[in-house]
Ligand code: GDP
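The data below hold one chain only, encoded as structure tokens and taken in the form predicted on its own.
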Amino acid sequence: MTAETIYAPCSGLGQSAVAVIRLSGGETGRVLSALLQGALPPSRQACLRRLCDPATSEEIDRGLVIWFPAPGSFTGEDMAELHLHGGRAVLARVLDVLSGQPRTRLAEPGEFTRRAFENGKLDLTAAEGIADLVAAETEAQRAQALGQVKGALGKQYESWRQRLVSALAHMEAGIDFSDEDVPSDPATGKLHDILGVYGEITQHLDDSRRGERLRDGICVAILGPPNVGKSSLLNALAQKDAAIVAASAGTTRDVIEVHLDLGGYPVTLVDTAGLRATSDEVESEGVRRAAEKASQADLKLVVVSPDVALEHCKEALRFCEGETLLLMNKADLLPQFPEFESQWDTKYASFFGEQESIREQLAISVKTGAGLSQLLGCLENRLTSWFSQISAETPSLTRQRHRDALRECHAALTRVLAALGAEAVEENNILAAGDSYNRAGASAMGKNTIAVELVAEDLRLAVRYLGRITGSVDVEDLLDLIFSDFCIGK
């Protein structure tokens, strides 16, 4: 059991109706008994008790106390929670008393969850899911994080690891007991398992980063020439004055970001400087930043308007790659500019027609509100389409750390299959290719014992990379980085 007992407020600082303080560690029972000036309450029952200063016996507050003896607690250690009145003075006094207790200190960020991991209460993916659940701002983020906390992602990776461990055991049996009565090709019976894991990891990696995009938020960049109403559009979608709007060109000179919840999905809406050639140094930097955001955006809203000549849109049109939605703002002005539509039809409509990613073009008016509901519906439909495959049954990658480890695992399995006679792994027919791999593998296994040992080492590496994701092997160097992003008290 950990030598030091930790404590922390886990309900946030400041005045509130109720404040919660959490303790964990071997000294929790002694500290709690000192605060209560008596016996510990029954385990896992909320009991109303007086809390006193052990040094003076002065009553500090009355509140609910819950005692969680090890190992039946979140951290696997003795734990307690104090539910107190949420005044600043009450919280400060109790924390001050706790700080004076021997072998007791304030917890570091994420230390409760880290102890839960170290005591085998959860794996690293579930621990990371807790951090995501605390940080979730939309319904879709909450659902994804909760599935990860419940172990959906960890179970998937552990299943792959166990299947590879079994294949590795069969292969090593043939190496270690080559002179005994064991099959000459002990791994060939497990090739279908290796192929199955390889195929599932391939599909898991080929996910368009849905899980990471949902966790971090979709970036939607608003692009276009000056004075087409980009900042007004951002303000309308955000329903607040987030960006300065003026009639003069070049008002927006930096990137402005607003976070939205669209249909339960997180969106970062980005207003950018008007795209045009300019000699102004500050505006040029704004245009450069706009181009940078455009290259990083998951979806681009390219805005034009009838009162801005089409030739001024050329800078924006060159960003119409990938997911793009074309918006013609100020549609209420079309009667005043009858030449706009004809010029559009002859000069630019054909260009956009060739862009498969630009599936929709909308006419809107931020001033009158026309078309804005259709725009929001379009955005929500795209988000739903992107994330429709995410569920608790088919968990998605949520972190670059997982992706990097899976790529290393995938590369190791590729070497395994190649060494066993697979010249190539067909992307859409992996399992059907198993019979030919079995025959080739049996031949390779019988030819060269040293080659089999190298194959076993690659298979061992694949198992190790999967173990690093869940924390079952060799992750000590990662723990400080992972848990440093947690809040204190969690």
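All residue numbers refer to positions in the sequence shown, first residue = 1. From a predicted model like this one, the values you see are computed outputs, not experimental measurements.
Heads up, the form predicted together with the ligand isn't pictured, but that's what we're talking about next.
Student: Can you check whether P226 is within 4.5 Å of the ligand in the predicted bound form, heavy atom basis?
Tutor: Taking the distances in the predicted bound form, the answer for P226 is yes, it comes within 4.5 Å of the ligand.
Student: Is S231 close enough to the ligand in the predicted bound form to count, meaning some heavy atom within 4.5 Å?
Tutor: Contact check for S231: yes, within 4.5 Å of the ligand in the predicted bound form.
Student: Is there any non-hydrogen atom of A169 lying within 4.5 Å of the ligand in the predicted bound form?
Tutor: Output for A169 is no: heavy atoms all beyond 4.5 Å of the ligand.
Student: Find out whether any non-hydrogen atom of L106 is located within 4.5 angstroms of the ligand in the predicted bound form, and reply yes or no.
Tutor: No - in the predicted bound form, heavy atoms of L106 and the ligand never come within 4.5 Å of each other.
Student: With the ligand left out of view, which of R213, R115, R161, K330 would have a heavy atom within 4.5 Å of it in the predicted bound form?
Tutor: By the 4.5 Å criterion, the partner-contacting residue is K330.
Student: Only one of V302, V366, A127, L269 has a non-hydrogen atom within 4.5 angstroms of the ligand in the predicted bound form; which is it?
Tutor: If I apply the 4.5 Å criterion carefully, the residue I get is V366.
Student: At 4.5 Å between heavy atoms, only one of the stretches 127-135, 258-266, 107-115, 366-374 reaches the ligand in the predicted bound form; which one is it?
Tutor: Heavy atoms within 4.5 Å of the ligand in the predicted bound form occur in 366-374.
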